[in-house]
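First, one chain by itself in C-alpha cells, the form predicted alone.
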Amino acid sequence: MITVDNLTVRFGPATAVDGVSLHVEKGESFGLVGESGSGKSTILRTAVGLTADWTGRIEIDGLDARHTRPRDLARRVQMVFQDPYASLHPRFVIGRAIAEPMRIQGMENIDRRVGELLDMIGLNASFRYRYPHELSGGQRQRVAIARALALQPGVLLLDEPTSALDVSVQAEILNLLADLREELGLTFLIVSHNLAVISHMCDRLMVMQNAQAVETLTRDQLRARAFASDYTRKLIEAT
C-alpha cells in the first residue's frame, strides 16, 4: 500500500530526509521513531502531497504520488495531524468540517455520511452543530479522524496523533484507531516519540537519525531489545 524508495527532501540547503526507503503492506501498521528533526513527519507530509522539493519515488495504493492529481491522491491517503485544534477550522461547525472533503470531491449523500462518521468515532449527532472550541482535545481528535475517513481512503498517515492529549484520553484514541484499522482494513504509517504507542500499534517500525534510516525492527524485536544499532539502543534507553 505504501512504497517509499530513496526519498530525499530538502528545505533550501538543509536535507530533511536523506535517501530513505520503506515498504508497508496492505493492512499493516508501520511506525517511524527517532529524535526531533530526524525527518519522520517530513516523510508523512511528502507522501500526502504537502512537500514540493523532493526526489525519489512514492507510491500510495499503486498511485505514483508525483504524477497523481492531489484530488485523486486524497481518495487514497489522508493525514491526521498532531494538534487537533490547529487542524480544524475554528469557524466551521463539526458537521461542515467533516463534510468539506466530500463536497470538494462531489460525493453524494453527504449528510447521511457525516452522521455515519460521527457514530463511527463515538460522538452523537448533536456534535455536528458544535464548534471546535466547544469540544475537548480527545473529541477534536476524533473529529479529525472522522474527517480523514470521509473519503474512504485505504491509508492513514498519523503524525503524533495522541501527543497533544491527556494521558487518560490517549488510550481511548489509540483503541479507536486500532478498531477502525481492523474494521475498515486500513493501512497506517505512524510517527510517535512514544515507544509504548509504537509497540502497541505497529507491526514494524523504522528508527531514524539525522534524516536517515538507521534500522527496521519488528514489534517482537523491539520488545526483546534485539537491536543491530547502538543508536537504537541508546534511543530506547533514553525513552
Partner chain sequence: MTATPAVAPDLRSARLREWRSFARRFLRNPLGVIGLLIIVALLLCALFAPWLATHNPYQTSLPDRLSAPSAAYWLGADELGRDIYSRIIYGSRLTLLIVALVVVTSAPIGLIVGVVAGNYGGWIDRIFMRVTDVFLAIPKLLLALAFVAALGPGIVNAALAITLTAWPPYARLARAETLLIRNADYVNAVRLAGASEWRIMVLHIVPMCMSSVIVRMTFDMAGIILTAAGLGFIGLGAQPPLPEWGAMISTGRKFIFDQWWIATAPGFAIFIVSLGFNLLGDALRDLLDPHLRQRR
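Residue numbers count along the first chain shown, from 1. Bear in mind the structure is a predicted one, so any value in this text is a computation, not a measurement.
Omitted here: the form predicted in complex with the partner chain. The next part is about that form.
Proximity of residue 105 to the partner chain in the predicted complex: non-hydrogen atoms within 4.5 Å are present. Among heavy atoms of residue 50, some come within 4.5 Å of the partner chain in the predicted complex. Taking non-hydrogen atoms only, residue 70 approaches the partner chain to within 4.5 angstroms in the predicted complex. When contacts are judged by a 4.5 Å heavy atom cut-off, residue 109 does not count as touching the partner chain in the predicted complex.
Think of it this way: in the predicted complex, the partner chain has a heavy atom of just one of 149, 123, 155, 74 within 4.5 Å, and the residue is 74. Remark: none of the three candidate residues (1, 9 and 22) comes within 4.5 Å of the partner chain in the predicted complex, counting heavy atoms only.
Counting a residue when any of its non-hydrogen atoms is within 4.5 Å of the partner chain in the predicted complex, the hits in 83-99 run 83, 85, 86, 87, 88, 89, 90, 91, 92, 93, 96.
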